[in-house]
Ligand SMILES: Nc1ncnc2c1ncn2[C@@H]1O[C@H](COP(=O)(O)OP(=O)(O)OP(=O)(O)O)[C@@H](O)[C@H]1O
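Shown next as structure tokens: one chain only, the form predicted alone.
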Amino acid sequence: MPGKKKNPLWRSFGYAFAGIWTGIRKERNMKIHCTALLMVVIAGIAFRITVSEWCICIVLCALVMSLELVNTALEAVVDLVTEEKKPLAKIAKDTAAGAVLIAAIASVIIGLLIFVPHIAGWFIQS
């Protein structure tokens, strides 16, 4: 609508943080991703990973968690539109979940490539 005043920027950030918090509170998989993030941070500190490795870990964690939030939003919209079992609704939900899964699998593989050498080096030094 022309002439309609936009919310202040701080309010937009508030909505975004509310969405993140809702995802963490209500979605089991988001809780799992948060736990994984905590484990990555602890391991990163313990093994003193490089700045480049931190950047990769941060980007991958952000990717997986962002996709999980988008998946949650898509599922909510589909559920809002229809309660019936519809093939297109199933495709929308399944493909969004598949996007999260692909990112999560890639993150685990890359995480192993980053952390296994650090873990091996720790055992070799002991």
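Sequential numbering from 1, following the sequence displayed. Since the structure is predicted, the reported quantities are computational estimates derived from the model, not experimental observations.
Another form exists, predicted in complex with this ligand; not displayed. Remarks below refer to it.
K.L.:
If you check in the model of the complex, is Glu27 within 4.5 Å of this ligand, heavy atoms only?
P.N.:
Yes, Glu27 sits close enough to this ligand in the model of the complex that at least one of its heavy atoms falls within 4.5 Å.
K.L.:
Please determine whether Lys90 contacts this ligand in the model of the complex, using a 4.5 Å cut-off between heavy atoms.
P.N.:
Taking the distances in the model of the complex, the answer for Lys90 is yes, it comes within 4.5 Å of this ligand.
K.L.:
Lys31 versus this ligand, in the model of the complex: is there a non-hydrogen atom within 4.5 Å?
P.N.:
Contact check for Lys31: no, nothing within 4.5 Å of this ligand in the model of the complex.
K.L.:
Arg48 near this ligand in the model of the complex, any heavy atom under 4.5 Å?
P.N.:
No.
K.L.:
Given a 4.5 Å distance limit between heavy atoms, list every residue of 57-77 close to this ligand in the model of the complex, or none if there are none.
P.N.:
The stretch 57-77, when checked against this ligand in the model of the complex, contributes only Glu75 at the 4.5 Å heavy-atom cut-off.
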